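Heads up, the chain below is alone and in the form predicted alone; it's given as structure tokens.
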Amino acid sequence: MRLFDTLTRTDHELTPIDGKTFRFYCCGPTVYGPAHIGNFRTFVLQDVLRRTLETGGMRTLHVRNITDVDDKTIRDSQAAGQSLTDFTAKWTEKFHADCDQLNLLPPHIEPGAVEHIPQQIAMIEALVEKGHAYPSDDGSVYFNIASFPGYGKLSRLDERELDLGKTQNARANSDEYEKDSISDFVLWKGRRPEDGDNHWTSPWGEGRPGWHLECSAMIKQYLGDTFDLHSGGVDLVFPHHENEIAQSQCACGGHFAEHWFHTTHLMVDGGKMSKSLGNLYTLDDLKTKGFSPMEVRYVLIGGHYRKQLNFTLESLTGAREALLKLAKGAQTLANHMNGETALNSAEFGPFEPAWEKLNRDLNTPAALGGLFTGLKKSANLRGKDAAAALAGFNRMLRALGLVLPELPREKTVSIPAEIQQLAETRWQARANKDWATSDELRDKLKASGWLVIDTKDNYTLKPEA
């Protein structure tokens, strides 16, 4: 599989550093409310990446964190009159429930920031000792970005007018700040009244870790100093991921992430998604409007991850129709197997082009198009060939994480074997353009009480009323 790398701006083949397991880290949710569809676009595409690697035979180690302590979780838990633990546990559970409905594979490891505060303190101590961080008078500790010459390479800040000398008196104490702010960023935040009971003991006094530090500490714990891939939304490139690189490389050495995978913003109705515009949809919002989680997933993978996706309610209606069409195509293949078993094959058959598209920069829209093309190509397959095609189709569905809807049950009609054989012989005559034989066999079927209905790629037998 080849994938575009944000750092080098080129595509690379994804191979495990250790030759055994592809180890990757995804920035997870901040659990202070329900995740919206913009968040889930990133999580769903990360899921497709993992599924594609695993479908191709690669072993993976997927780590995704939970941010359960930062400015927002503390602020909102205080407003709700709940402890930070109870407040974030509720929203973590909700996030997991939404992930299940969207058919996301659970990460192999899902660490939380609070349970890794000792590791974060240890990393800060290493940075202070090596001269990359300094305490301030209020008990906070800041990273000195002037001490790291590589700062800005991921986000291309180093190609702008980056005067690190100006940062000596500029500090960013909030967890999130302006995207063009070049400031020493906070590693440890000294205790403040608005934090309430949410503070921990450290060598610099009571306080709590800054948001940027948690991912570096947990990556160090579970993936080491160098690992295969780091992922998140494009909004995290700066400052979050830029800061992760700086603090991790300065504290631990190593190369950190070998590959950077970022997904682009989601638009809604052609504009920015926001609460004020009333278009910030959660999964529950869309379910209330009558749409299924699988229809939401289909739309979220319907655009290329490096391009903006315009989400509309009409696109969900289109997804419903597409999923039904795929389900009907799968049912047709199953009907044409003539008793053969759909083997768990490693081949894709008519769906090989779709698989190739998925492995070329995770081109999900082209892969979806390949499903329909593959079904069209397999319409005339029968027996073992139909069974093999269905196996390839199902393998593609697993790679994309799609679960097809159940089709309405039609009244079962038992077709005698001799009638079925007569219809098959007629279909072959049509394929050979032997129209005289085709017409003769149609008349025999009619005389036996069966009506044959031809379509472009297939036929249906129905008993005459």
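Please read all numbers here as calculations on a predicted model, not as lab measurements. Position 1 is the first residue in the sequence shown; the rest follow in order.
Beyond what is shown, the protein has a form predicted in complex with a small molecule; the following relates to that form.
Proximity of Val69 to the small molecule in the predicted bound form falls outside the 4.5 Å heavy atom cutoff. Although the partner is absent here, Arg430 is not a contact residue: none of its heavy atoms lies within 4.5 angstroms of the small molecule in the predicted bound form.
In the predicted bound form, the small molecule sits within 4.5 Å of a heavy atom belonging to Gly232.
Contact annotation: Thr264 falls within 4.5 Å of the small molecule in the predicted bound form, judged by heavy atom distances. Listed residues Asn39, Thr55, Ser438, Thr60 were compared with the small molecule in the predicted bound form; Asn39 is the one with a heavy atom within 4.5 Å. Listed stretches are 399-407, 29-37, 430-438, 417-425; the contact stretch with the small molecule in the predicted bound form is 29-37, by a heavy atom cutoff of 4.5 Å. Between this form and the other one, the CA-CA gap for Leu277 and Gly290 widens by 3 Å or more, being larger in the predicted bound form.
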